[in-house]
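The chain that follows stands alone, in the form predicted alone, written as structure tokens.
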Amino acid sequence: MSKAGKIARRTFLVGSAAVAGGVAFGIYQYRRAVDNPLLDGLPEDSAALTPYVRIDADGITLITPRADKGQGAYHVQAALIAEELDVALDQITVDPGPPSPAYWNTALSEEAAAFAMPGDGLLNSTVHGTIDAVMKFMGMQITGGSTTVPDGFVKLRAAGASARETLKRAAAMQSGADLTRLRTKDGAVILPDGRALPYTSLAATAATLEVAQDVPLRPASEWRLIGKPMHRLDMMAKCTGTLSYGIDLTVLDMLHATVLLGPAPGSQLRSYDADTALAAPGILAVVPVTGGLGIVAKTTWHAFRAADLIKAEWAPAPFPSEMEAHWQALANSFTNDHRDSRPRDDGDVADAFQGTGTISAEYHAPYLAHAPLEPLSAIVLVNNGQVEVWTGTQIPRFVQSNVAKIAKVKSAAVTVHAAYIGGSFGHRLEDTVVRQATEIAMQMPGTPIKLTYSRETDMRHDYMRQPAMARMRGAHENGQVTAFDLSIAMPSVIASQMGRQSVAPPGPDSQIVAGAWDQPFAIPHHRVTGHRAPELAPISSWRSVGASTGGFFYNLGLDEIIHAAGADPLHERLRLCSDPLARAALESVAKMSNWSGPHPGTGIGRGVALTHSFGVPCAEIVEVRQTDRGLRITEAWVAAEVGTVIDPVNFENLVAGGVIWGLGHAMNCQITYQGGTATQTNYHDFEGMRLHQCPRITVRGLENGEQVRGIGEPPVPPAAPALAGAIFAATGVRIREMPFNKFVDFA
């Protein structure tokens, strides 16, 4: 590759969506092209035409930097690039690529901007641009918030289009053909005489050219892949058990390790006796790590066994040891001193409650573990000032930075190999396991160390979903909802989670009122207030984050007011609905379920909920039937507005999975603390939904909106309140807290 060519392609404009906004921090810096990380160490006969496309004689590799946690993220990202690049999916290899600021997440800034400056006007776009500029400057390469599709929808297609047009230029140069008469198909440039020049044969020439910029994207009418069912790239390997997740990875000559941590997250080690463990077969070392001890052994099994043989004394938990104190801390937070935000305050709420027809209620949502099938693991090798990491992660740049600090090397000396993740739900937004593996590896330089958590350690030391409490007042008149005042108290997820990354976001925490403050209902007197409770047990993002509790509380409260008014829960929501996209979602589930009210038959109850979260209005109706063995959830209907459905099959799977996730946790799951320790340790006491309990789920993706949205998280928040509404309709039991099996039996 020529030096000139390499310099010319050192940078790359990432696409029109990525360069919108950026008013406050200086448009020049914001619009400045990003470095292409694929050029580092690129062989001479290869081309890295953008940060997302690498071609050499062996094939075409598409870079998919958002983590795949089972949601088909690699598949969808590859399809977006392939759409414009004109390659078939079976012609490519996918690679998550290196950690790089080039892969910052543009879409993550949108929800924060909407909270800071509601509406669609100039101020909102300015705030959005400002936050996005900060995200770019910080290089926030994060997978989360259902942003993989909205972040990549234009960006990845633009990368494919730029690569395609650059390859056409290479073909024109190589063949002497007229550029305007060239076309592309199935990974090749087609010459006017019909000959096909494979992209792989053009890589060396393309590497000498400047990358084509600002290539117009094809209209939807010309899409080959988007909107059509596709054979998912990872399906064969997953169906045959041959796909390697992070926990399956091995490195030559590696040793295995686990950790012994205190009974309470964050409790400090006071003393220990490891003599018995060190005398056990297969044990090689017991070393200190942050939060406890690392046990190094020949196998994971030996390490787990030795951990049980260590006698240790620990300091008390750094948070209330008993669950009652956690709830009391939340109850004490409904004060002006703890008020964090009031993003909605319509009408005159105080005056609205002076008359009759008022009700009130209190709701609770417990701690929940992420509990993915794949326990946490990481492999780290520290050797001669270089560090290699193999792990599944949603935050590769934070991993790179934190490992560099521990190993006392520059970030560039840390190579992160991102792996497939066996379920996360927010779990892999944390990197404690990688830090601990690095600490152990630092004490055994030159030896790869694979640290694996036991299932029990993984669950007990999870950074849980936040516990939350809400207080509702409602008023009705003439059969209609007239006032709704909802106050929510919980600790700050963002402060707890980002604090572990040494980041302190300013301002209120939008997650305290997520799923509640911006719901599309025009209630005349309408107020939502967030109260920040003190830090309790450490918490983190759990699938749908604040909306998982805010959507639950909001729909429960609205249901109670509607019932007191004597109205139909779906028809009153439709009457109040102020957003045409949300209205279409409600109308769609009503039609799908043939809605005739909450009591369609003897012993049958139906509940409805709608939550607007992550930009998606998602409406759900759940049906239950009374049986001799308890309540059976028989049906669920879901309609969600996402602008464009990329792959209908993957879309349906994601929605159905979200519904099962939401229903299962509402039915059976909670984490409680006793003596500072999580009482639940494994799936036997945190079981979610059993296979035989799964209802038939009917899904419809709506495409009426202009913006493309993600669907991983939005189906979760409406599931629990829709189930609660169905139970009330079937039994008369009004459930105001999770898990529901404290109040009813499920068949």
Partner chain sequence: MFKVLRLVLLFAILAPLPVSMAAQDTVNRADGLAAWERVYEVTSHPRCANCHVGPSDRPMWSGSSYGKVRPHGMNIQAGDSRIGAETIPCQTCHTVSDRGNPAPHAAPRVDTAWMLAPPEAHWFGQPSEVICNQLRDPERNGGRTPEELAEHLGHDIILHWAWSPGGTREAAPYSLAEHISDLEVWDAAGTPCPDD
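Predicted model, so just to flag it, every value in this text is computed and none were measured. Residue numbers count along the first chain shown, from 1.
The discussion below concerns the form predicted together with the partner chain, not included here.
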Please identify, from 684-692, 712-720, 699-707, 57-65, the stretch that has a heavy atom within 4.5 Å of the partner chain in the model of the complex.
684-692
Pick from Asp308, Glu322, Glu456, Glu535: which residue has any heavy atom within 4.5 angstroms of the partner chain in the model of the complex?
Glu456
Taking heavy atoms and a 4.5 Å cut-off, does Arg629 contact the partner chain in the model of the complex?
yes
With the partner chain taken in the model of the complex, which residues across 522-555 come within 4.5 angstroms through any non-hydrogen atom?
none
